[in-house]
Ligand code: UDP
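First, one chain by itself in C-alpha cells, the form predicted on its own.
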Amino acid sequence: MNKKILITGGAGFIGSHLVDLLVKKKFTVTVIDNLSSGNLNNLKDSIKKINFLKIDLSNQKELEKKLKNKSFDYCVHLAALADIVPSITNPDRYFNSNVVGTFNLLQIMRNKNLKKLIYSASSSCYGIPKKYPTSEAAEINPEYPYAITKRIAEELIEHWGKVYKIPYVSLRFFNVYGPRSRTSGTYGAVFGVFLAQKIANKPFTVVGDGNQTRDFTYVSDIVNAIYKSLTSRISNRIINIGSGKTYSINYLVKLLGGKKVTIPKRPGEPKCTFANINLAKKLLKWKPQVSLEVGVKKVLQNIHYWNNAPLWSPSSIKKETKEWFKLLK
C-alpha cells in the first residue's frame, strides 16, 4: 500500500514516538509542528528520514502554501494546546489552536483524497463521568476550555467525515505518560510535576487525599493504537484508548518513591478516570501491553529528560491555579 502520511504535532510527546515507529514501518513521513511545545530533539533518531515543516495550523495561508502541491494517503492529527490551567486563563489561544487549527487542516485534507485521518481526542470530554469504566456512549460534559476545544474539534472531524467523505478514527486518550512528555512552563500532567520534584528531592504535591485514581496509559500503547487504527479497515468511529485499569495517585507516589505533601482538591476534576476499552479490543484487535509498574520503571530510567522541567511547590501551584478555583468553584 502507499504510505505517505502527514503527522501534525510530530515533534511532540506522542507524535515523536509515532514518527519513530512509522519511519521503521517504511512510511514516507511529513511532520508539521510549530515547536511551541514540541522539540526537534525528540526527532533526533528520525529527522534525517522525514520531511519537517515548521507551520502553525492556525495560519491558514501558510498551511495552504506549504501543502498545496503535496499528496498524502493518511493524516494523524496530534497538534494541540494541552493542559487545564492555561486553557482557563487563555481560552482564546486554545480555541485558535485546537478548533481553528483543526478546521484549517480539514479544509486542506478535503482535497487530498485521504484513505484515513486519525484524531487524538481527549477523555476530558466526559468531564466527571457517572459510570466507570467509562464507555464511548457516556455523556459529553467538558468542565474546562481545553476539554471543550478538543471536543469541538472532534465534532468537526465527525462532520467533515459525513459531509466531505473523509474517513476518520477519533481516539480518546486517557492520561498518557512516558518519555518525552512535555516539560514546558505550564502547570500540567501529574507525571511531569512529580518527576521534576523527584529530581530535586522535593515532596510530591498530591491533590486532596491522593485516593483519586487515573487510567495511566503508556505512550507506546497509545502509538500502537494509532498504528492499528491506520492499518485497520475501521473508519468513522470514536474509540477509547486507555490502560483498562485505574490507579490511585498514592500508588503512583509509592512506585516513584518519595515523600508527599497535600494540596487542596480542585473543582471540575473527576475522582476517577477509567476507560472502557472493549471497543478498541474488538474493532482494532488492540490491547495495552505496559502495566503502570513497568511504565514507571521505564520513565525513571529516562528521568534525565525532566532535568529542566519547572519545579512546582504548593505555593507556586496555589498561585498558578488561582483562576481555576475562582471560576470553577
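Numbering starts at 1 and follows the sequence shown. Only a predicted model underlies this, so the values are computations on that prediction, with no experimental measurement involved.
This protein has a second form, the form predicted together with the ligand, left out of what is shown; the following refers to that one.
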item: Answer option from A309, I14, L21, I317, heavy atom within 4.5 Å of the ligand in the predicted complex; value: I317
item: Option touching the ligand, based on a heavy atom within 4.5 Å in the predicted complex, out of I108, L230, C125, V206; value: V206
item: All of T217, L292 and V299 within 4.5 Å of the ligand in the predicted complex, heavy atom check; value: no
item: Residue contact check: N224 to the ligand in the predicted complex, 4.5 Å heavy atom; value: no
item: Contact test in the predicted complex: S170 vs the ligand, heavy atoms, 4.5 Å; value: no
item: Contact of Y74 with the ligand in the predicted complex (heavy atom, 4.5 Å); value: no
item: is_contact(L67, the ligand) in the predicted complex, heavy atom dist at most 4.5 Å; value: no
item: Candidate stretches 187 to 195, 234 to 242, 131 to 139, 97 to 105, one within 4.5 Å of the ligand in the predicted complex by heavy atom; value: 187 to 195
item: Residues of stretch 244 to 265 in contact with the ligand in the predicted complex (4.5 Å, non-hydrogen atom); value: I249, I263
